[in-house]
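In structure tokens, one chain follows: the form predicted alone.
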């Protein structure tokens, strides 16, 4: 499903190149549950952004569903993200003026789903994460855990094949964090490819496969997983 070949990402800071990723080779099969771990600055979020087509490699090739996406234009990448990849972030990134239902509905609107079929789908997803009584609340009326449930609902409303989560429990209390991880693992058990970036070793070790990073490189021995 996902294949990174000799991926390098260089940022220019002043006149000095900074290597965020160095010669990354990684294969991820459909339906895997993977954690990406490492200290701050290890490159784990940059790697997730690369997998999620939010960033482009300086060097190397990236294949998603057997398609070379390395040189696609921004519009083509946006279509793949909308249709096949769901994102969850530490700080939720919900639109403050919109209700929970309207936030979740947004990807469907962008994808051209007609209005009459959007409402039922959004309602069903929000009910599945326990928010049936909070659908018409705005983000500032929701707890952190509830906001993350809305963010998960938004991420999966287009039925993506891969779900990418960057520190999904980092802004939550421990109980809310456990509930969010259980929701994500339930999605994995239903067949979605789940990739979580985390600095929490307790969360990281729950994954079926752990990828450890340091200084822009993968240091765990089985990272190619051919």
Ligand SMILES: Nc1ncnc2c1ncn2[C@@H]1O[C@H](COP(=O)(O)OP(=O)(O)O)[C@@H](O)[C@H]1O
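Computed from a predicted structure; not experimentally measured. Numbering follows the first chain given and starts at 1.
FYI, the form predicted in complex with the ligand isn't displayed, but the following is about it.
*Asks:* Spot the stretch among 171-179, 36-44, 63-71, 187-195 with residues whose non-hydrogen atoms come within 4.5 Å of the ligand in the model of the complex.
*Replies:* Contact-bearing stretch, as computed: 36-44.
*Asks:* Taking any heavy atom pair closer than or equal to 4.5 Å as contact, tell me whether residue 20 reaches the ligand in the model of the complex.
*Replies:* Yes, residue 20 is a contact residue.
*Asks:* Classify residue 208 as contacting or not contacting the ligand in the model of the complex by the rule of any non-hydrogen atom within 4.5 angstroms, answering yes or no.
*Replies:* Output for residue 208 is no: heavy atoms all beyond 4.5 Å of the ligand.
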